[in-house]
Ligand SMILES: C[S@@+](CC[C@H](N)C(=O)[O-])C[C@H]1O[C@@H](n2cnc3c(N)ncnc32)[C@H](O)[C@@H]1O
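Coming up is one lone chain in structure tokens, specifically the form predicted on its own.
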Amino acid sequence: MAMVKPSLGNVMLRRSVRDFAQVLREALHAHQADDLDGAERLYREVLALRAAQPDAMHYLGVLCHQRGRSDEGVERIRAALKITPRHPDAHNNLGNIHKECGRPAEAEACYRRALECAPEHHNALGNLAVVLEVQERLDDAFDAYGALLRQAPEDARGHYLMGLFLRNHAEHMEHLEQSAECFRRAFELDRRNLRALEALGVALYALKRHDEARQVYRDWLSREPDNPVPRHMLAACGGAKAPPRAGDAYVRELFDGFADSFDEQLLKNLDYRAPQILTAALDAVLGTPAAALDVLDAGCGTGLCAPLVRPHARRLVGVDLSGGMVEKARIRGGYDVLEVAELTGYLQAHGDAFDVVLSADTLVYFGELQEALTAAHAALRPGGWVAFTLEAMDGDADRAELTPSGRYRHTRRYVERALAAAGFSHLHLAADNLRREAGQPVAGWVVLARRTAPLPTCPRGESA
């Protein structure tokens, strides 16, 4: 006998009498499972059943931000807070949206309201410390990190954040020693926090405790032999042969894990300037912006270059190996197209497609530049410009080396030779500081070069 299917009328009747609390539980479960389509549909069903349900409004606001509709997200959470004004999680999440949209003062106000409602809200206190640091109020930030550790001494995130703060603003070796201990404690408290373990290795190497740094990565690799991060970092510390470039698996693992905190970590490292100085150098050769160029942001990350280069772009394409970073770029907006792909392969597949290829702090993960630059030359139209940043290596040699940070640095001669071999001309290479790390400036190269346009062909019978 054939199965009798419920009629649409029966389904709608059942839906209309459903308990909104059950639908909300289903929505939260879908949201936690990253089923954003299902979660949004269910949150809206809750609001159809009970129009002013504040939890559905709050979490739908969070979801809207995740989907790149941050303004809508802000309005939904504000509406929820009109109904439940002393909801600390809602204040904290509203602060997170402001923080991720580059509005630290607004974020600070939200975190302070969360703490007024719940003084022991550890996430809000940690987030407050972060935005104070972003605003370069370092004494206030240090006090907030300290308060977090006193309130929650077993909170791994608090130890990790304090370690980053001490490392980023180190004024002497004692600060680096303290940061290493914070990273060690963070990993002891949360064995899933592999970023703390990586940071511990980097801190130990900076303290010239090279054998200890290598042992951190060896131990990690013995537990996870297929993990590309300790394998790459062991090579960076001189414990294995350096690869010609960072492997795709390492880059993807690194930046997918870093996506949620990438902007705040870079921007609070003080003076992260690669996007600004690179696009300023481009402005000098491109002239007055006319929104007339096809531009590729190669290694777009979270999209920090998009608002800076957008005035020149008729079409702005972003590509990155990390899907997590691309999702953050999608939220920031400004791109016409965003794709997840390996940089060199993408360039090779798009010949004569772009007028500008820029790459801020992406080629620092390439030791050997030749293949990527040759692909960039082919992806450019005649007369087009490639623009990128690298970490600088002193000396007259033609060489590149992998550093304990996991990134490569290059000499001027190496860069000039690689560009010439790829077919570029009109080289502009300037020294500048890209960021600060462990309290010290990171020296870099800001590089521009051009794919030369062919000379016009003379009509037959005429001389040039």
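Numbers follow the displayed sequence, beginning with 1. Remember, it's a predicted structure, so these values are computed and weren't measured experimentally.
Although not depicted, the form predicted in complex with the named molecule is the subject of the following passage.
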TODO: Report yes if any heavy atom of E133 sits within 4.5 Å of a heavy atom of the named molecule in the predicted bound form; otherwise report no.
DONE: no
Task: Non-hydrogen atom contact E116 with the named molecule in the predicted bound form at 4.5 angstroms - done: no
- [ ] Considering only heavy atoms, tell me if Y111 and the named molecule come within 4.5 Å of each other in the predicted bound form.
- [x] no
Open item on the list: Can you work out whether P230 and the named molecule are in contact in the predicted bound form, taking contact to mean some heavy atom pair no more than 4.5 Å apart?
Closed with: no
- [ ] Name the stretch, out of 141 to 149, 374 to 382, 358 to 366, 67 to 75, where some heavy atom lies within 4.5 Å of the named molecule in the predicted bound form.
- [x] 358 to 366
Open item on the list: in the predicted bound form, does each of V251, M325 and E342 have a heavy atom within 4.5 Å of the named molecule?
Closed with: yes
Open item on the list: Give me the residue from L204, L304, L316, V386 that has a heavy atom within 4.5 Å of the named molecule in the predicted bound form.
Closed with: L304
Open item on the list: Quick check on this chain: which one of R245, H98, H121, R195 has a heavy atom within 4.5 Å of the named molecule in the predicted bound form?
Closed with: R245
TODO: Note that the named molecule is not shown here; using its position in the predicted bound form, name the residues of 275 to 289 with a heavy atom within 4.5 Å of it, in sequence order.
DONE: P275
